[in-house]
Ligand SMILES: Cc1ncc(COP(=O)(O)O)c(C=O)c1O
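In the block that follows, a single chain appears as structure tokens, in the form predicted alone.
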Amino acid sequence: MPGERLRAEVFALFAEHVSSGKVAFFERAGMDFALGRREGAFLWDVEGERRLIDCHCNGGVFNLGHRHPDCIAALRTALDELDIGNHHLISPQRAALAESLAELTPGDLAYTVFGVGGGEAVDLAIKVARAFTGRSGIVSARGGYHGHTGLALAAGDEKFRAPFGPAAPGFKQVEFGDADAMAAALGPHVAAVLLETIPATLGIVVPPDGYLEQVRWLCDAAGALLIIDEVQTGLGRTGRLWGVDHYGVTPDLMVLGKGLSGGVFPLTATVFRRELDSVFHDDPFLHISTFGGAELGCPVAARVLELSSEPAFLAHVRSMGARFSAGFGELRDAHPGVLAGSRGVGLMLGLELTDPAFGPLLSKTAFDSGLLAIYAYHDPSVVQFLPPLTIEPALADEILDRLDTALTALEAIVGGRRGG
């Protein structure tokens, strides 16, 4: 069939010039999907014959779904007047977007430095913390994820660092949720604590009651800054505009990304307290990002902020989160041998499986059932569940039906292996 030839051609070209490893992985998994058209909650393959419902959204990039009409319209309008801009010059678009972020973020997070990727934004947060405090130590959570760039990589897990040489000095990891371990790690050498509000790669781990408040207190007592990574939890994913809003915690620096792009133009932000801007007073060109805060992307991000902060929008996220949580409970009762339960906040959810081997298997059976859902890298017993925040009840129910089919298929695989 022509479609099969097209898919084969795409896979061969990708293997030859982009990543032979990815192609080999997906071929072994039997997931021969090359992305074509996309719209709302749906993805089609290049020949248009296979459709998936996106329940991962690239970790929150597509909070508003794929090709949201408002984001597309903002970008098209910007193309009539703007281009990338020049990071050396004063920019009305960046100033307006930074003002909106200052109004919407908690506390006195008054200044923003824009970037292109989440790792770059985390790198900048660490640089600001070190420069402001005159200290070098950074404490992060074991199993957390902050990106693949220099300082962000150093704050992440060894698996991502080890192939590229020795670890950078000054970084320490502790268990997420363990306030005693955090207290022991802090000291006069620590510039900042870096945490995701809800670590996704660790398996959508909701912080224990009082944990983030304790970390905030410990940072204050030790003279360290608190950096909160809201790249995935921000912009309504949890049913509040920012994940930290659930916990009454105001960070000194907050990192935003993914969804801020509207899924159509890459843009990230490092937002920080007013006094931390003093780091750049002597040399305002101390940190630059050629494409960070590109003027074409600023109107898109501004519209994302407007949509994501609407009370009705956030109420919808909470309602859909409750709908899925109830549905997951019913699925747990129907499939107790493989599904142990679920966890999360809003539409940042995780399916808890009874065995770590089941996460990759459910990712595959979900794919076969028309769903894109990916297991958590640092806890494969959890499958991440991050559908678009714009999802409607009818599609939510269809997803639950398809998930029921996927779990039944998983049970058949497990039963066959045990029987063998």
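Since the model is a prediction, treat every value here as computed from it, not as a measurement. Each residue number is its position in the shown sequence, starting from 1.
Keep in mind that the form predicted together with the ligand is missing from the display, and what follows is about it.
Of the listed positions (147, 115, 239, 263), a single one reaches within 4.5 angstroms of the ligand by any non-hydrogen atom in the model of the complex, namely 147. Proximity of residue 231 to the ligand in the model of the complex falls within the 4.5 Å heavy atom cutoff.
Put simply, residue 119 is close to the ligand in the model of the complex: some heavy atom of it is within 4.5 Å.
In the model of the complex, residue 196 approaches the ligand with a heavy atom inside 4.5 Å. With the ligand omitted here, the record of contacts in the model of the complex names 231 to 239 of 295 to 303, 332 to 340, 231 to 239, 308 to 316, defined by a heavy atom within 4.5 Å. Residues are counted as partner-facing when one of their heavy atoms sits within 4.5 Å of the ligand in the model of the complex; in 255 to 279 only 258 qualifies.
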